[in-house]
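A lone chain, given as structure tokens: the form predicted on its own.
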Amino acid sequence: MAIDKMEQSLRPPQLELKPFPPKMITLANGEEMIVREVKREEVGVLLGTIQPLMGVQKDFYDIVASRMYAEVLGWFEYRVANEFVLVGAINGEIAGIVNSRLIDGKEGMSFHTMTIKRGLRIGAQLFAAKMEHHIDILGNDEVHIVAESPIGFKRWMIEYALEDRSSRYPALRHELGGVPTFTLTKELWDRVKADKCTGSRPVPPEKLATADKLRMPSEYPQIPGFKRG
């Protein structure tokens, strides 16, 4: 695709990111979830999955969904530098999404974790996959993280015992509004990943193929009676 000079001037410089190798996680109910990186041309199914949750106030889905929608759209439109998006899919249906970006080769900036299918620690698994990508695959030394809900604070700040970097404000400010910033360092990740990060590789081709074509959820536990139009 030819890019004119004006469009080129609007795009941020990009680092070349190594791809996330897909993995398969067996959930507590026995279902198999494929975790893989999303391709830019799949943005439509992502936005269609996120959009219904923008009106759900419970557990702050509204702010998480609204911000993630903008971040994913910004990634698609080349308006965010060094962003990646991972998805968890069960038989092709999207069960959760995470996104994040690299500041540079050493630091990462975690954006959001969204769970659609709840009660199976899908969000926790996808968050761990995101950290795995940052530190083990992309080689970051640390990832900056904030929480926008009490559930997120319990899952990340408390369960991971993240380092509180809020005293470094304003020198260190997370991009999500400058709220108190916590950090996962490589040293901390190396201590917790055996407990937090699961899944197997390589994914058998027939299993990986189930996630070739992603589908939007037909039901949302957060939206009783939801019907996709």
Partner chain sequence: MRKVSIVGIGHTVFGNLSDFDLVDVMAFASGNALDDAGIRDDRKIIEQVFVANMGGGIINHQTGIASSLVSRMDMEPAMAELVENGPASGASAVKLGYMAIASGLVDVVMVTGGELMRSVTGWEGTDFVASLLHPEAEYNYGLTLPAYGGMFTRMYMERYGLTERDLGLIAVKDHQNGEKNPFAHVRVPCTIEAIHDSENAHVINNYVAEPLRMYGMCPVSDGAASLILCAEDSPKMKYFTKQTPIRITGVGSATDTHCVHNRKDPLVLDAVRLAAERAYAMAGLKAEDISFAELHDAFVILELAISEEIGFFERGKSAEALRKGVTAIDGAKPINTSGGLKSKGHPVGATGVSQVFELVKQLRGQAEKEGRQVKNAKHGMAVNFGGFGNNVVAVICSRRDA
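What you see is a predicted model; the values in this text were computed from it and never measured. Residue numbers count along the first chain shown, from 1.
Note that the form predicted together with its partner chain isn't included here; everything after this is about it.
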| query | finding |
| --- | --- |
| Contact stretch among 34-42, 48-56, 190-198, 172-180 - heavy atom within 4.5 Å of its partner chain in the predicted bound form | 190-198 |
| One residue of Gln125, Ser110, Asn140, Thr115 in contact with its partner chain, assessed in the predicted bound form (non-hydrogen atom, 4.5 angstroms) | Gln125 |
| Proximity to its partner chain in the predicted bound form, single hit among Thr26, Thr185, Ser166, Ser66 (heavy atom within 4.5 Å) | Thr26 |
| Contact test in the predicted bound form: Ile103 vs its partner chain, heavy atoms, 4.5 Å | no |
| is_contact(Ala147, its partner chain) in the predicted bound form, heavy atom dist at most 4.5 Å | no |
| 4.5 angstroms heavy atom contact with its partner chain in the predicted bound form for Leu120 | yes |
| Interface membership of Leu73, its partner chain in the predicted bound form, 4.5 Å heavy atom rule | no |
| All of Gly30, Lys154 and Ile158 with a heavy atom within 4.5 Å of its partner chain in the predicted bound form | yes |
